[in-house]
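Single chain ahead, written as structure tokens, the form predicted alone.
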């Protein structure tokens, strides 16, 4: 098991943690209703996927 040889300072710890960023969720426009939806998934507004109705809305 790897164990650090020295204690990491508070500024180094916070600098390292500052690199963890949340990326924005990628959305695409639905070809039917033009509302934003997740890619490769059914539209939650109109219920279509790949040009056909898959969810009864």
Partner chain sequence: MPTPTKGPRLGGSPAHERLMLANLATSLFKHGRITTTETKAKRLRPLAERLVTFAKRDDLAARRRVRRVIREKDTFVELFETIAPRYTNRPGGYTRIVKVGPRKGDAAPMAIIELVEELEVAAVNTKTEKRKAAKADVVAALAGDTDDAPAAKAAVAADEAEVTDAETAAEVEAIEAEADEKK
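Worth saying up front: this structure is predicted, and the values here are computed from it rather than measured. Numbering follows the first chain given and starts at 1.
The same protein also exists as the form predicted in complex with the partner chain; that form is not shown, yet it is the one meant from here on.
Contact with the partner chain in the model of the complex, judged by any heavy atom within 4.5 Å, is made by just one of 34, 16, 10, 40: 40.
Taking the partner from elsewhere, residue 57 is found to have every heavy atom lying beyond 4.5 Å of the partner chain in the model of the complex.
The partner is not shown here, and in the model of the complex the stretch 1-16 never reaches within 4.5 angstroms of the partner chain through any heavy atom.
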